[in-house]
Ligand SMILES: NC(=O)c1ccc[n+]([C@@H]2O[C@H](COP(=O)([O-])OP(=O)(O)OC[C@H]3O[C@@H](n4cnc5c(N)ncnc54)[C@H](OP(=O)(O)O)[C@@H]3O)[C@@H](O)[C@H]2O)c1
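A single chain comes next, written as structure tokens; it is the form predicted on its own.
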Amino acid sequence: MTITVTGATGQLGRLVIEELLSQGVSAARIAAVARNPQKASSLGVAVREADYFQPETLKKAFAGTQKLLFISSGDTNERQQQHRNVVDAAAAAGVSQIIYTGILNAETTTIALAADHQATEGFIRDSGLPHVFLRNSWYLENYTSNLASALEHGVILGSAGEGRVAAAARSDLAAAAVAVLTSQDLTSRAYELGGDTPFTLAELAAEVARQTGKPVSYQDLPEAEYAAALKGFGLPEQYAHILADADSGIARGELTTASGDLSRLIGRPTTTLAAALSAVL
């Protein structure tokens, strides 16, 4: 059974391939799809060059694939066309199952970022391919990897109110993908993947303060003010608005879940916020 992973040079893709190899999957059974093959040369598996914008390269890259992990594009401008190209190529190549990394609560969320994921799930359903939707919550790393400013100024900004986010470690989400990729089950289904213990941004700030011994608090802002602050920090305007809109989604409860799907798939409790912060700090 050949397992093909798109976006293989990204942070999630690399972790998936590392996890596959650590689980004893033969390197000969794994294909890494990358736009720049040189960046994938260190992965230790076969590399297939392809670009989401070039359908002919995708069909060639997917040849002989039984299970395809389709990691969503990071391009928020033309993502739907890229994703349609991937799905069409997967169908043309005759893959046995397509596993797509989307967004938590895709069927109900109103977060702007979700529109592309909702459309892609539709493309996949329409293709007739057996499929699994890995509906991922926010990465814990979104909160743990950029703490310098919070520690310097003693504040974490956001517009999530008292909403909880079921953030999950990227490594846990990679392990969940591997559990599906190595299963013989071709049943179509969706998993709502999030951390076992959702938290508020005020709780995030309190945990940072506890572990560092420095005063850190959460300052809640209206969505527009938060977007303006992010833009002031140097983020592109479009991305700033996407993040602020997502925080409003958190406030509405759209990035949390009590499904337990993630811990069941990986066979252990999910990584806690405290553990993730400790590893970084």
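On a predicted model such as this, the values are computed, not experimentally measured, just so you know. In case it trips you up, residue 1 is the first one in the sequence shown, and so on.
There is also a form predicted in complex with the named molecule; it is not shown, and the following applies to it.
This chain is displayed alone, yet in the predicted complex one of 149, 142, 81, 188 has a heavy atom within 4.5 Å of the named molecule; that residue is 142. Out of the listed residues 265, 273, 21, 12, 12 is the one that sits within 4.5 Å of the named molecule in the predicted complex by at least one heavy atom. Just one listed stretch, out of 118-126, 73-81, 199-207, 175-183, contacts the named molecule in the predicted complex at the 4.5 Å heavy atom level, and that stretch is 73-81. For the chain shown alone, residue 214 is not a contact residue for the named molecule in the predicted complex, no non-hydrogen atom being within 4.5 angstroms.
Contact check for residue 164: every heavy atom lies farther than 4.5 Å from the named molecule in the predicted complex.
The named molecule in the predicted complex comes within 4.5 Å of no heavy atom belonging to residue 105. By the criterion of a heavy atom within 4.5 Å, residue 3 is excluded from the residues contacting the named molecule in the predicted complex. Of the residues in 42-72, those that come within 4.5 Å of the named molecule in the predicted complex through at least one heavy atom are, in sequence order, 50, 51, 52, 53, 71, 72.
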